[in-house]
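Consider the single chain below, provided in structure tokens and representing the form predicted alone.
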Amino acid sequence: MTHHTPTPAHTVQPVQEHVAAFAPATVANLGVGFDIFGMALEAPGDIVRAAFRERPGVVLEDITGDGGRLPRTPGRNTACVAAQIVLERLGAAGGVSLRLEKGLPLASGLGSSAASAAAAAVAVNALFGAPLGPDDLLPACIEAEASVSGRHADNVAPALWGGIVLVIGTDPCTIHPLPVPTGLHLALVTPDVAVPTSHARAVLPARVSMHDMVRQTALVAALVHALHSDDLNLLAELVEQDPIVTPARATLIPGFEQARDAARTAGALGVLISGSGPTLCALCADAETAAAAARAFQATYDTLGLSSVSFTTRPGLSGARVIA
């Protein structure tokens, strides 16, 4: 990915009055790849509607789908932070007003804040004729993420580019697309328990043994091999073998083992924690198995008396994009 930053020679004018953009949910880590792997989903995702305004800056007109939980202050909302940085990078005339439609549950491990940032960045860029490419929008999205959950790109990179990516750093040249396995279908469940990223990081061990470090390194290398060799069975085996992060975070997710076992019984090849959790993601070889795994997930949490939302989807090959 080449990195080119246009330098506005003059004030950039809008080419349309309104733009809507969609950005997908993302599954980070893929089990063994803590903070270095991310996968976009076809659905769900967030929608940001941007409109030009004469006055500079960003105004947040409305948020729907968040139950009133997200901050309305522009400096504390990732969509607004990303939008403001894109405006500055463009050298835009005037500002924008945003309407954010949340299609993702908050604190779910599905990259909610990253989806908002990516959708806003793409919408504002498109409002002014889309002179910036995904590489140029990445820093705005990373800064937005940093304002709420730390400086990392394992959610914003796949949200922008789509597919599966390897994230070595935060510069576009350190982010590498990886092959998406043929026939991969996904079943996901989000139990009704919030796991904020800060909590999920707090439970991680401060130190790991040399044995675990070597094991984890081998698993990461094997996962890249599985993707390049289109070996879904090997991929599913590997995502469950994380010796460090998954065992720590599983303690934050009620019913983790029961839900994992139920999905496997339904035919899922492997189950991982999506990002910081509590969403669980099952890797399946076809749509029918994914549907059965989603039903098994749902039934497990129904039995436990805990409300949940389960659904099926596929890896999203397209990232954040303008929609009609």
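Residues carry their position along the shown sequence, with the first being 1. Please read all numbers here as calculations on a predicted model, not as lab measurements.
A second form of this protein, the form predicted together with a small molecule, is not displayed here; the remarks below concern that form.
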**Q.** Close approach of N29 to the small molecule in the predicted complex, 4.5 Å, heavy atom
**A.** yes
Q) Given that the partner is absent here, does T279 sit within 4.5 Å of the small molecule in the predicted complex, heavy atoms only? A) no
Q | the small molecule contact at K102 in the predicted complex, heavy atom, 4.5 Å | A | no
Q.
When the contact criterion is heavy atoms within 4.5 Å, does D35 count as touching the small molecule in the predicted complex?
A. yes
Q.
Tell me which stretch of 39-47, 268-276, 60-68, 295-303 has a heavy atom within 4.5 angstroms of the small molecule in the predicted complex.
A. 268-276
Q: Tell me, out of R215, H185, H152, R89, which residue has a non-hydrogen atom within 4.5 angstroms of the small molecule in the predicted complex.
A: H152
Q: Counting non-hydrogen atoms within 4.5 angstroms of the small molecule in the predicted complex, say which of T170, T197, T246, S97 makes the cut.
A: T197
